[in-house]
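The chain below stands alone and is given in structure tokens; this is the form predicted alone.
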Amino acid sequence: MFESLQMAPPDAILGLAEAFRKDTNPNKINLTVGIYKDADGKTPILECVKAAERQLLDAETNKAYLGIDGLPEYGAPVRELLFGADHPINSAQRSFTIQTPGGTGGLRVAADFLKTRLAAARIWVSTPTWANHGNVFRAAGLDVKQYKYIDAAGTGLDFDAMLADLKQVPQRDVVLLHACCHNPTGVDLSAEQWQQVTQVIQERELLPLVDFAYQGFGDGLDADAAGLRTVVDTVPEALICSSFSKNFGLYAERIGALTVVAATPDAAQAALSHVKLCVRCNYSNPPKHGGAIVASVLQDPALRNQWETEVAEMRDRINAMRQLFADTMREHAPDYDASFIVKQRGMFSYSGLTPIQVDELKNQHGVYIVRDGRINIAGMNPTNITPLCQAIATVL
């Protein structure tokens, strides 16, 4: 049966990472896969994570299966991080959190729940959005539609077009929103724009699915949650998929969460029972280690403070690289205005580079960028910034 298969195309992002590994150019630069790197080009293990692991190693007594929804102590601190410690949702029992294998696992469980339990037919995503969103939702059987997001220049938000599209979304459809650090563009909504989007969601009785993969990488842990909190303060139901790959550096542990907000405690419990069934026929129950690290850090005041400091350090480095990139580009391409990079947030930015320019960067200069022009700012450092900007100036 396998003889009928043709080779599948490589993943648009992970395939580039494989090509980068095989490239023998000693000066190659990788700005593709969304992994944080420090000034030395390494992906560090956070000190708070190592401290939590040492505690867990000493205290752990078994390797038994977790429940379908994960560690019992995991959900409450995750919701406090999302909504704030004193938010009424946390005391009203209108929400629940399940531990998932990464944010992607949370998205797939959410998609299965929407398709099989709520009979949702369509989900609307921004143009552009994370490359894997469509794959995950279509695999679950959802029809994926798009609303406008980025402007014609490819470097800013076309909010009027976005709002006009959202006003045309059929009632009771699902709308995917990026809480902060929009992937792939780095272009986020302002507080006023979040208010307007939330008003449309409420008026059209849409169900928001908020992807929250980069909390803390934009302007701060609470600041980055402001848009999400605007939504849940107004709309009675929501799904939130969050990830700890980036802000905990736990890429290999695949640790995320699906949090569901319902209108009543009874509705929340009913939804939880169906979400568990979706998990059971997928991966059955989540792995333990990553969830235990996150729960330990968030519940220990000393580790929590250390974590917040380390997140701030990663965020500050990314923002410093944005400024350095804009300044260095001004030196090598005076006619090219890269100030938009400074205004964007998170690890990613839309550079405005064309596919032809991206191909030339890879083939002629060993600079690897996703073909749509998305660049990983965290891949920049003081050592590679000058050759990077020189290469970009050459292809402009």
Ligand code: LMR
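Numbering starts at 1 and runs along the sequence shown. What you are looking at is a predicted structure, and each value in this text was computed from that prediction instead of being measured.
As for the form predicted together with (2S)-2-hydroxybutanedioic acid, it is not shown, yet the points below apply to it.
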Exactly one residue in 108, 178, 246, 315 has a non-hydrogen atom within 4.5 Å of (2S)-2-hydroxybutanedioic acid in the predicted complex; which is it?
246
Only one of 33, 342, 356, 45 comes within 4.5 Å of (2S)-2-hydroxybutanedioic acid in the predicted complex by heavy atoms, so just point that one out.
33
Answer yes if any heavy atom of residue 242 is within 4.5 Å of a heavy atom of (2S)-2-hydroxybutanedioic acid in the predicted complex; otherwise answer no.
no
Should residue 16 be classed as touching (2S)-2-hydroxybutanedioic acid in the predicted complex when contacts are defined as heavy atoms within 4.5 Å?
no
Using the partner position in the predicted complex, report whether residue 296 sits within 4.5 Å of (2S)-2-hydroxybutanedioic acid, counting heavy atoms only.
no
Hey, in the predicted complex, does residue 137 get a heavy atom within 4.5 angstroms of (2S)-2-hydroxybutanedioic acid?
no
Kindly indicate whether 183, 348 and 374 are, all three, within 4.5 angstroms of (2S)-2-hydroxybutanedioic acid in the predicted complex, using heavy atoms.
yes
Tell me which of 334 to 342, 33 to 41, 360 to 368, 63 to 71 has residues with heavy atoms within 4.5 angstroms of (2S)-2-hydroxybutanedioic acid in the predicted complex?
33 to 41
In the predicted complex, residues of 194 to 229 near (2S)-2-hydroxybutanedioic acid [heavy atom within 4.5 Å]
214
